[in-house]
Structure formats: C-alpha cells, structure tokens
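Just so you know, structure 1 and structure 2 below are the same protein chain in two forms, each on its own as structure tokens.
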Structure 1
C-alpha cells in the first residue's frame, strides 16, 4: 500500500473512532506507521486530511447513489434502495455529515463548487421525473418531488448529525447506536413510502 493510501486508511479509522474534533495528527501518523513530519508532508493540517478522506468517500458513494437514481426500478423499490445504500454509506463514514455542515458554514461557495464541478456529483433528476410521472398516473399522492428527495436525505442524515444528543437521550453507547441506525433503514423507507402511498378508501 502506498504511503498516501496508508494515511487515508488510518485517518478514516481514527476519525470514525474519535470524531473529527478529538482526532489528533500524531494518532493518525502512529496508526499509519509513519512519523508526523511525513504526515504533514502529504497533508498540511487536519482540515486538509479530512477533506481528502471526504473526497475519497465521495468518489465511492456518489456513483452508488447515482446508479440507483438512474435505475429503472419501480419508485417504491428505488426509495428502499436509496435509503439502504445511503444509510450504509453514512454507517461506513459517520463523520461525513458533520464535515459537510462545517464546510458549508466556513466556506460554502468553495465547497459547493467542489461538489457541483465534480463528474460524480449527485443527480436525482431521473427520480424527480419518475415521481412526477407517478403523481400524474395517480399511483402516489400529489407531492412535490423536490420535497420528497429532501425528506429522504434528511431522514437518513440527521441522526448522524445529532448523534451525540440522540445517544445521550436514548442512553446508547456508540456501538449500540450504530446498530440502531442499521434498523432505522427499514423504518425510514417504510415511513416515506407510506407517506406517499395512495390509501384505499
């Protein structure tokens, strides 16, 4: 494994274990089995290192999500697949939502440009058109497809953004909470589908 790959693998593990704020560059260097000077040669500071970890994850998960958006799955199956895949990505990279919020607060234009100018940027347009079509056919209740997409993303992401609060309220340790998030996948997709399903009178 190349040095940069070793650093990114070590950083991802430390960030997941400790969270961004508590992670230390020395810990990451030790995990990668290199000295701190070499770590700083590759990544000047923790922000740049976490940004690299984020972009590596982004290039892995964005194509997975777009594959679902572009698929010919029936709408309800597509919703289930999206929620399942998106939650898996967040379970693999639980610090990403907090990093995105941090970047949006600190340098929103730069961050948005980085995502939108990327060839792998998320593209839900086929899903949006599909929702519009299902509404017109009377297969689902009338809903703004943009609201549906935001609901899908928000319900997946928010428990990771607010995880310290929820873990405290629910009195769960980190491992138990992540197991709880695994179960949440089914709850989220079922809730969304039932909210748009046409009810029989």
Structure 2
C-alpha cells in the first residue's frame, strides 16, 4: 500500500469519526503509521487533506444514486430499487452520512459550489418528472413530487444519521440495529408504494 493511500485511508477514518474541527493531524499520522511532517509533504495542509477525503466520500455515493434516479424502470420498480440500492450503500458505509451532513452544514456555500457544479451532483429531476406524469395519468394519487423525493431520501438516510438515538430507544446493539436496517429496506419501499398507489373504495 502506497504512502498516499495509507494517509488517505487513515484521514478518512479520523475525519469521518471526529469531523474536521476535532480531527488531529497527529492522530491521522499515527493511524497511517507515518510521521506528521509527511502529511504536509503529500497534502500541503489540513484543509487540502480534508477536501480530498470529502470528495472521495462524495464520489463513492453520488454516481450510484444517480444511476437509479436516471434509470428507465417503471415508477414502483424504480422506488424499490432506489431504496434497496441506497440502503445497501448506507449499510456498507453507515457513518458517511453523518460526516457529510455535518461538514456541509459547516460551510454550506462551499459545499454547494464544489458539489453542485460537479457532474455527479444529486439529480432527481428525471424521477420527479416521472412521478408527475404518473399522477397526470391517474396511475398514482396526487402528490407533490418534490415532497415524495424528500420522503424517500429521509426515510433511508435518517436512521443512519440518528443511529445512537434509535438504537437507544429500541434497545438494540449495533448488530441488531443493522439487521433491523436490512429488514427496513422492504418496509420503506412498501410504505412508499402503499401511500401513493390509487385505491378503489
């Protein structure tokens, strides 16, 4: 493993765990098993190292999400595969959302400028249009497509962001909670579909 990779891996771990402000260059160096001076040789300063980590985390997520947003599935299938794929990513990386959310709230303008001008930026437009079209055709009930998308994302991500709270309320340890999240995939997609499909009464 190359030095630069070792540094990135260590930095990723520390930054995700502690956030930018509380992370220490010394701790990153220790974890990478190199000297502190060498950090500055590869990444001029803390900011640059952080940016590298942040962008890597972002690029790990964004394309996989957008692939689904932009797929050609019928609506219900798209919702199912969105929830499935999104929660799989989260189960693989349960701590990244906390990290991204905290840091984007620290510097919202910077976040918007760097992320939202990126080719991989989150882009649910195609899904929104699709929902609108299904509403017009009468295939699903009337619903604001923007709110629907927010509902979908919220139900997937929030349980990972607030995991200590939910684990404590539900009295689950880490493993049990992750199993519960596995089951949740099915629950969430059927929760959404049940809400929007038309009912005869």
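Residue numbers count along the first chain shown, from 1. Whichever C-alpha set is largest while still superposing within 1.5 Å between the two forms counts as the rigid core. Values in this document were obtained by computation on a predicted structure and should not be read as measured data.
The form predicted in complex with a further copy of the same chain is represented by structure 2; structure 1 is the other form. Of the residues 152, 94, 57, 27, the one at the hinge where one rigid part turns against the other between structures 1 and 2 is 57. The two rigid parts differ in orientation between structures 1 and 2, with the smaller turned by 22° against the larger.
Taking the core as reference, the C-alpha deviation of residue 16 between structures 1 and 2 is 8.4 Å. Here the two forms are laid over each other by their core, and the C-alpha of residue 53 is off by 4.4 Å between structures 1 and 2.
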